[in-house]
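Quick heads-up: it's one chain on its own, the form predicted on its own, in structure tokens.
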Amino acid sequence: MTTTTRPDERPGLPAHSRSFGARLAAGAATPGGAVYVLVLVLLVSIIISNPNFGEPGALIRFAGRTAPIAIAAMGQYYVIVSGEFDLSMGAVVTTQVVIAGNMAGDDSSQVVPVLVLMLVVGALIGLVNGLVTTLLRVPSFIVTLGTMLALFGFLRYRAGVAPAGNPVDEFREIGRGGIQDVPVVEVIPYPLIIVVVLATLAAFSMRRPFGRSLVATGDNPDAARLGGTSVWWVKTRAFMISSLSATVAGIILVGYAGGRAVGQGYEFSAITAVVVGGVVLGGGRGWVLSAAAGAYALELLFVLLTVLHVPSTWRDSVQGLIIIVAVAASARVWQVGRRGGAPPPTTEPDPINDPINDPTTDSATPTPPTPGTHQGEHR
């Protein structure tokens, strides 16, 4: 009797011929995919507890408010996936808020020059962090911790960690404004547009040679170096991207906070979002869009706790537990996958046309050696 085998069950068949449902389920089982399921579960739980949160206008405003931490998480991703840490993000955010408050003032003509200055300062901070870490071989944990303390100390000396006043309204509009009179949602916040653009660029960059080199560096820096990668420059660029993302987050937060100092503790929120997104501390594993999704999952969790009337004093405790559980779980899953022979994804997954990054692909089957090579014949 002849047995008919379905196309998606045939061994060795390309991954893109498998059913979409199978690929989707396999992707959701990975740490980077599970965060999207978590976002959906938390969102449904909040809407059940507070139906008003499910209105399109409320959802779009929440997405806009969460944009700064999502941007910071994507920046932190670049550093963490390269095998390093950036603890200076909160201090960079605060520094940028102080710069905006003290230099933008009430002169709308100063908006563009101040924005350029903030970006330059952010890039320089990241450059210093990267060079000291890579060329002087000082652990990034120590380097960025020192940067954080130095920046906060300088700000307290110069301004008491507070801007001189609120920046001009044109500057604040970046963070609190939006496209008005949009059907259904009423307004599309500018921060949401910014985070979508940056997420698109981040996903594109991780599919380019820089992204592959970044992940390879985090996975095995010695092998990456032998493969021709300038490890010091790859990591330095990661630190610069991290500081620039903190700068953009600071620019947006000026719209919400105005003259109030913000940013302290932002680095821990960003790291928590990254590990919730399934990125492994130590480098070499994880997806940048999942880091952004981790930020939304984290904020949705805090909203749920508020809806359930859990005291806000528990927020730090919950965040600490999340870090421990998420790090342990994601590391365990990646280890199991690696022992099974599946190579870790080095770029953003394409579940439809990219068989390399398809979690259902059986990559454990060895390729037969070519006769006449050293692998095929030992004489």
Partner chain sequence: MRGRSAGLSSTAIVYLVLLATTVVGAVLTATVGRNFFSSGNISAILTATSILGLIAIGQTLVILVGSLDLSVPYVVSLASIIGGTTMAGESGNIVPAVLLTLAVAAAIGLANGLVVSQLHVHGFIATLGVGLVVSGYIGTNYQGSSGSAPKAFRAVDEAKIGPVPVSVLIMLALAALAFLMLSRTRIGHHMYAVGGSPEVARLSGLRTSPPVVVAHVLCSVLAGVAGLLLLSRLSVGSPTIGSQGGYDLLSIAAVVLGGTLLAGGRGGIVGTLGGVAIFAVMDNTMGALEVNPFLKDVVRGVIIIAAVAVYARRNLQVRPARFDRSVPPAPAGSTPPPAQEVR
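Positions refer to the first chain, counted from 1. Every value quoted in this text rests on a predicted model; they were computed, and no experiment measured them.
We do not show the form predicted together with its partner chain, though everything after this point is about it.
Enquirer: Flag this candidate site as yes only if 142, 156 and 317 all have a heavy atom within 4.5 Å of its partner chain in the predicted bound form; otherwise mark no.
Expert: So, yes: the whole triplet contacts its partner chain.
Enquirer: I'd like to check something about residue 309: if you look in the predicted bound form, is any of its heavy atoms closer than or equal to 4.5 Å to a heavy atom of its partner chain?
Expert: Because no heavy atom of residue 309 falls inside 4.5 Å of its partner chain in the predicted bound form, the answer is no.
Enquirer: Does its partner chain come within 4.5 Å of any heavy atom of residue 85 in the predicted bound form?
Expert: Residue-level check for residue 85: yes, a contact with its partner chain.
Enquirer: I'd like to know if residue 147 sits close to its partner chain in the predicted bound form, meaning any non-hydrogen atom pair within 4.5 angstroms.
Expert: Taking the distances in the predicted bound form, the answer for residue 147 is yes, it comes within 4.5 Å of its partner chain.
Enquirer: Just checking whether residue 138 would be counted as a contact of its partner chain in the predicted bound form - the rule being heavy atoms within 4.5 angstroms.
Expert: Residue-level check for residue 138: yes, a contact with its partner chain.
Enquirer: Which pick from 275, 295, 93, 79 sits with a heavy atom within 4.5 Å of its partner chain in the predicted bound form?
Expert: Residue within 4.5 Å of the partner: 275.
Enquirer: Sort through 328, 47, 41, 59 and report the residue having a heavy atom within 4.5 Å of its partner chain in the predicted bound form.
Expert: Selected option: 328.
Enquirer: Only one of 33-41, 47-55, 319-327, 60-68 has heavy atoms within 4.5 Å of its partner chain in the predicted bound form; I'd like to know which.
Expert: Going by heavy atoms within 4.5 Å, the stretch is 319-327.
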